[in-house]
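Below, in structure tokens: the form predicted alone, a single chain.
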């Protein structure tokens, strides 16, 4: 009896293989694909025709800087570029150190930088060189991260120092001559949106962890205080929290302490988001098997050490999708700051529409805002998926 050697299947990875597998695997799938493409083209044809003939895209080109940084002093624009360079360098360093866990964000950074550089070069804007520098910095720091001693520890420290460093660079300080203070009222556009998102999420996560642990506490005072806070905050809309932070927060502070409106908005986002982060973290804590607690006790660890070193890291890993979902949700919710007088992307768009030379360009302005929100959310979603894959979330 002769044996026939069966070769293993050939797995081809790439865009053509994906198209063949998902869109053209059978004749009827190919037919459905062509029908769907025809229907999509028929639906979008008027919009494409309008964008090429009637649309006045000059409103975006003339106000692009306003959309990006608001009324931030133009002579201090180098500080914003320095923040971008540092972010690109840290993403590249993280890619070199943490490999697959940060590769998704590195790909996003390189793709966005290259796209912006080409776009600026095509329109003749001088900022194309800045984006090229950012991409180069990312690649150089990637190579450095692969051979850097104590790389993981140093990268973590750099990320921790980056966020207060960003605030110092953007806000400035009276004690540093090269960084004159910039009023927070001048912050606006995409710069303000991203700062509110980052501060709101990273500021609320530690508070949310404490609330989640407090809700599971055996001390009645701590437990019911945390439950009351979480349920009250989750029971009211974000608009009321922003109004409370803007109007009522100064009443609880000394007379000579009046935080800027941007700081009040940041506090409102932190207080609001912490309640939702607490429930995300509590779900992760409940997913941990009782055997993990018993193993920590068998090693002689105290309750605090077992929570910090064993239980909490596993719980946070389990809720990575929920944490990223909160990040994306808050990024969109920052548009509500317009009601307390801050100039985010949407309010900048409304102010542009009030200019006499750009009357009637509502579709162009709001379509541009749509692509900003959609593009960033798509990038966050792709990056979160890569992090989940690298951490093995949902896999045994």
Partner chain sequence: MNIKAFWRDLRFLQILAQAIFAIIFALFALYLYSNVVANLAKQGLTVGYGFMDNPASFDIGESYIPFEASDTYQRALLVGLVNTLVISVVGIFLTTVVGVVAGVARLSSNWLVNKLAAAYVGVIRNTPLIIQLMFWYFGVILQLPSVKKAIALPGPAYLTNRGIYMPWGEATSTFAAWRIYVIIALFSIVLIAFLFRALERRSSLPTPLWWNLAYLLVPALMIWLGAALQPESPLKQTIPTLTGLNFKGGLRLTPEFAALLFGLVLYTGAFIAEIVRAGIQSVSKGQTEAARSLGLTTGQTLRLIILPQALRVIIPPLTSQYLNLAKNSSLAIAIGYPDLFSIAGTVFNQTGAAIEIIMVMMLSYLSMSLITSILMNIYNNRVKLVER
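Numbering follows the first chain given and starts at 1. Each form is matched to the other, and the largest set of C-alpha atoms that superpose within 1.5 Å is called the rigid core. Here the structure is a predicted model, which is why all the values come from computation and not from measurement.
Unshown form predicted together with its partner chain; subsequent notes refer to it.
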Is residue 236 one of the residues lying within 4.5 Å of its partner chain in the predicted bound form, judged by heavy atom distances? yes
Exercise: residue 17 in contact with its partner chain in the predicted bound form, heavy atom 4.5 Å: no
Residue 231 near its partner chain in the predicted bound form, any heavy atom under 4.5 Å? yes
Answer with yes or no whether residue 69 is in contact with its partner chain in the predicted bound form, where contact means some heavy atom within 4.5 Å. no
Looking at 160-168, 106-114, 222-230, 137-145, which lies within 4.5 angstroms of its partner chain in the predicted bound form, counting heavy atoms? 222-230
Residue among 335, 355, 65, 51 with a heavy atom within 4.5 Å of its partner chain in the predicted bound form: 335
Position in contact with its partner chain when the complex is considered in the predicted bound form, options 84, 77, 263, 244, heavy atoms within 4.5 Å: 244
Out of 262-283, which residues reach within 4.5 Å of its partner chain in the predicted bound form, heavy atoms considered? 276
Could you tell me whether the Cα atom of residue 30 shifts by at least 2 Å between this form and the one not shown after core superposition? yes
When you overlay the rigid core, is the Cα of residue 64 off by 2 Å or more between this form and the one not shown? no
Determine, after fitting the two forms on their core, whether residue 385 shows a C-alpha shift of 2 Å or more between this form and the one not shown. no
